[in-house]
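Listed next as structure tokens is one chain, alone, in the form predicted alone.
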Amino acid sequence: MRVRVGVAAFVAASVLAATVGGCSATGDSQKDAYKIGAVVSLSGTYAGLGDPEKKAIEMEVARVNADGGVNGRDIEVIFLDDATDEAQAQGAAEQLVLEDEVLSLIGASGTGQSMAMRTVAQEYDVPQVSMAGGTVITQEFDPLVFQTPWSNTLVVPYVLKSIRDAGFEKVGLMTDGGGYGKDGRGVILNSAPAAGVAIVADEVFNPGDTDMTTQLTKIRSSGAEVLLMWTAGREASTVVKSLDQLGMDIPVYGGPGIARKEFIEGAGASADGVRFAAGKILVPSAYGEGTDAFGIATDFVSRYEESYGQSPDIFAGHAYDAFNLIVEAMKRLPEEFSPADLRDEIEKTSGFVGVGGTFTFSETDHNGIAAQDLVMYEIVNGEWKLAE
């Protein structure tokens, strides 16, 4: 692995760059590798997302290159850390395009950072596959930008229906002030009336906040029957711990942003009982044993566990899908192709069975998955289980 520190002069803070690939025993060493740039959050509040994303991509690079690469060429992935910062994400994307001359971008881990990268994709006509769940990423349609997670427009109605089906009508809402939280808040406020629930409190916290007492006290006084938390940051654990400290015994629901061990480990016993919607990778039997999706998921899980000694989360799955959507498109192209050719071929993806669902893109849909790819989980004794 080649490691270098520092980015282009236009990035205010330094980031870590690591290149993975280009050393296969089976690929043609005389041919230049196909280069992909990946911007992930390896530090900052979304570090719990970026770490498994990077691991999953590294694992897939090794697998593809061991199988001969693409068109006899290795795949080389260059990673940059955006530190959960939008300006750094944009600067990193510019470096990858202008200095490393990548054919495609993967990233970012967060919605705001993905949107910052999007400006680079637009300026230089390089396709981007985001691993963040904000609706805005693909709903504000751009021909160059694709998305592997289930967007908030899919997840929010699913969660609200689960809340209503459980008999709750009054919802206290807590969202983070970052891109994912802002996007989710907007979708929740718009979707609540149709779901038959009322948002009786609407509170926001900022990345890095360590005290949620003020917001939760307001939610308690609102008469909320349930707390809906929408965030992808480490602050989620602070929310539920503060809830216990205040003696607020109300159910907690969330979205895919809290589907990670970091949340459970940070919250401890306070995480028990929390329900959230996410894809099926956390309990692969949810795919249906014997299905293509089950086979792909269990293979991914076993290889990830063997490589890293732990099970993958949904964020590792988003990275698996992003990388393989690009690589499978490359395989369908002749050897000499441009970023524009690659963009067109990614858009032609149909019936790609991934970890997050089955993807079919079109000229108007660059998310390509459906609500049927979601399930509801409950955290029980520090483990996620399918909710009954």
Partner chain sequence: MTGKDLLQFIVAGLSSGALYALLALGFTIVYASTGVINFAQGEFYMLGGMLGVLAFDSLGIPLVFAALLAILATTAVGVLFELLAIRPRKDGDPLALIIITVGGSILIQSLTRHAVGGEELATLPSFSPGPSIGIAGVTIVRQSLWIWGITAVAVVGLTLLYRRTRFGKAMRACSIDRDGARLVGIDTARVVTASFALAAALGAIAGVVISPTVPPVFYSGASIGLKGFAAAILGGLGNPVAAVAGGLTLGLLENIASGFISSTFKDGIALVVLLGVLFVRPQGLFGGRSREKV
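Worth saying up front: this structure is predicted, and the values here are computed from it rather than measured. Numbering follows the first chain given and starts at 1.
Another form, the form predicted in complex with its partner chain, is not on view; read the next lines as being about it.
- At the 4.5 Å threshold, heavy atoms of I346 stay clear of its partner chain in the predicted bound form, well away from it.
- Looking at T45, you'd find a heavy atom of it within 4.5 angstroms of its partner chain in the predicted bound form.
- When its partner chain is considered in the predicted bound form, P207 lines it closely, a heavy atom lying within 4.5 Å.
- Although the partner is absent here, G266 sits close enough that one of its heavy atoms falls within 4.5 Å of its partner chain in the predicted bound form.
- Of the candidate stretches 161-169, 230-238, 298-306, 102-110, only 230-238 contains residues with a heavy atom within 4.5 Å of its partner chain in the predicted bound form.
- Of the candidates S311, T217, Q139, T119, T217 is the one whose heavy atoms come within 4.5 Å of its partner chain in the predicted bound form; the others do not.
- Of the listed positions (D74, E86, E94, E203), a single one reaches within 4.5 angstroms of its partner chain by any non-hydrogen atom in the predicted bound form, namely E203.
- In this stretch, 288-308, not one residue has a heavy atom within 4.5 Å of its partner chain in the predicted bound form; the partner itself is omitted from this view.
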